[in-house]
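A single chain comes next, written as structure tokens; it is the form predicted alone.
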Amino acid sequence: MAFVQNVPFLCIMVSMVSAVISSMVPARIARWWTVFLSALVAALNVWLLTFLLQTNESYTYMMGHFPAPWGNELRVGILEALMTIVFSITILASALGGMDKQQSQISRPKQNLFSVMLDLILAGMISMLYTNDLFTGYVFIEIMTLASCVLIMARQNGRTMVSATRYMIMSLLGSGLITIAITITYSLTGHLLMENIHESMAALHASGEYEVPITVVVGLFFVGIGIKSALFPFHTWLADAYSYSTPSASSILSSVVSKTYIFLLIKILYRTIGFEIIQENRVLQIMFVFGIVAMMAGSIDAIGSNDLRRMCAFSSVAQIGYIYAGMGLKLEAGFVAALYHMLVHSLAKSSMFIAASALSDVSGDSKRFSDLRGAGYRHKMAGVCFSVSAMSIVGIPPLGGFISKLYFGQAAFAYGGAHQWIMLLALAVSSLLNVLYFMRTVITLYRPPRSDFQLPEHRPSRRADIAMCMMTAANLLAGFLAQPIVDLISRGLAMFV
């Protein structure tokens, strides 16, 4: 085994150990260590991705000395490495961009704890992307859930405490459903490793037995992870959690945490249950309907918002709907479009929350649109960053959002029938709704300020400016390099089985 093949295990262990280190070192060192750790994980996975592209084969990594089915395994492929690179870069930019706010909004005794939770989220993200074991996936779901709650309430005030409590209640409900799904799966197959479950599920499907329990398992996984990823109508916790937490927390929750849950669901559907089975499963019809409704409902809620960060939060509901609708098409093209949209939205939304915080700072620490007039002039980098992210989500060519909607449309044409027209109509209407609230916001940022507006004293954050430059460049690259990225996603999906 080449040394590079140890990268997933090393990244997980280094992140877990870093959480312990961050609890003991000074807060300033802990903050910078998280940034360095994210960069290290991204660099190591670039190395790993290069190796996988050369071999063009996935591999399993045995944890400890116990082989399957008793031991635990990691499954390493192109898609997992690509997702880890993008998500770790997002965590890096989010931690760097919100570093100054973290110092001012979080009390000194809790600043180390915040860095510990960021390290744990990084460890949970890597583990859930690479795991080949359902129970290990569940363990890190819970670690990520608890860490996310701490991130929300780190900025301790009444609103964040209530938001974290609502998030915890909904997440525990989702965790319970996932636990039941894993229990039924284990009862049916006698396995927890995904490949072994896949073989057993294929045999059960071929025999025609247990069709109803298999459908129930798919439904439980869908609803459980749908709750955790804020799919409509399970999104009620989202707006407050994203609006009142620190910029770093909002950015990471919307860009990494929710997408990691969805990626785990794709692994469960594609690799564990089996693509052949889910193509015939009625649950994905329901997933398609929920996704279509979310595309509309999230945008309508965003239009009605008079708060910048709240509008960005409701926008996430609509974009998550795109992902679920794409998976609901039950075609490989739909999953490819959904995965590419996950990457595009992660980059766009993380930069949007960092930019929104900077725009609020130069508007008297206000998130109301009436106070944000002229903010694009007062903070030029934040205005450009927010505008590029907004145009990507709206679907302005050649940015990534336009490319992902194009792939969703192609998947709908490939599926045909009523799904084709429903998906195309939803894409058109949702894009129009996106234009209404995002372009309204961008225009507001560049309108002359009110006559009674008094320019507040503000010292711009160089770290936030660097982070916004990074994410703006990443957003542009996601569009310009769309075809190579989609090719990597397609090759990675082919390695899933």
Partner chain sequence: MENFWQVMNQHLDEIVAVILFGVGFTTLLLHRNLIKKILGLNIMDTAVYLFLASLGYVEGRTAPILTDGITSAEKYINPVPSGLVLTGIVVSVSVSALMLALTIRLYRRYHTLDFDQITLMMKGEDD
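Computed from a predicted structure; not experimentally measured. Residue numbers count along the first chain shown, from 1.
The same protein has a further form, the form predicted in complex with the partner chain, not shown here; the description that follows concerns it.
Visitor: For the three residues E142, N157 and L192, which mark the spot I'm curious about, does each lie within 4.5 Å of the partner chain in the predicted complex through at least one heavy atom?
Guide: Yes: each residue has a heavy atom within 4.5 Å of the partner.
Visitor: Considering non-hydrogen atoms and a 4.5 Å limit, does the partner chain approach Y270 in the predicted complex?
Guide: Flag for Y270 set to no.
Visitor: Please determine whether I169 contacts the partner chain in the predicted complex, using a 4.5 Å cut-off between heavy atoms.
Guide: Because a heavy atom of I169 falls inside 4.5 Å of the partner chain in the predicted complex, the answer is yes.
Visitor: If we define contact as a non-hydrogen atom of the residue within 4.5 angstroms of the partner, is G176 a contact of the partner chain in the predicted complex?
Guide: Contact check for G176: yes, within 4.5 Å of the partner chain in the predicted complex.
Visitor: Does the partner chain come within 4.5 Å of any heavy atom of D361 in the predicted complex?
Guide: So D361 does not count as contacting the partner chain.
Visitor: Go through 312-320, 160-168, 388-396, 86-94 and give me the stretch that gets within 4.5 Å of the partner chain in the predicted complex, heavy atoms only.
Guide: Contact criterion met by 160-168 only.
Visitor: Go through Y377, F413, F275, Y186 and name the one with a heavy atom inside 4.5 Å of the partner chain in the predicted complex.
Guide: None of the others qualify; the residue that does is Y186.
Visitor: Looking at L331, L284, L82, M153, which is the one with a non-hydrogen atom within 4.5 Å of the partner chain in the predicted complex?
Guide: Contact with the partner chain in the predicted complex is made by M153 alone.
Visitor: In the predicted complex, which residues of 104-135 put a heavy atom within 4.5 Å of the partner chain?
Guide: Contacts from 104-135: just F135.
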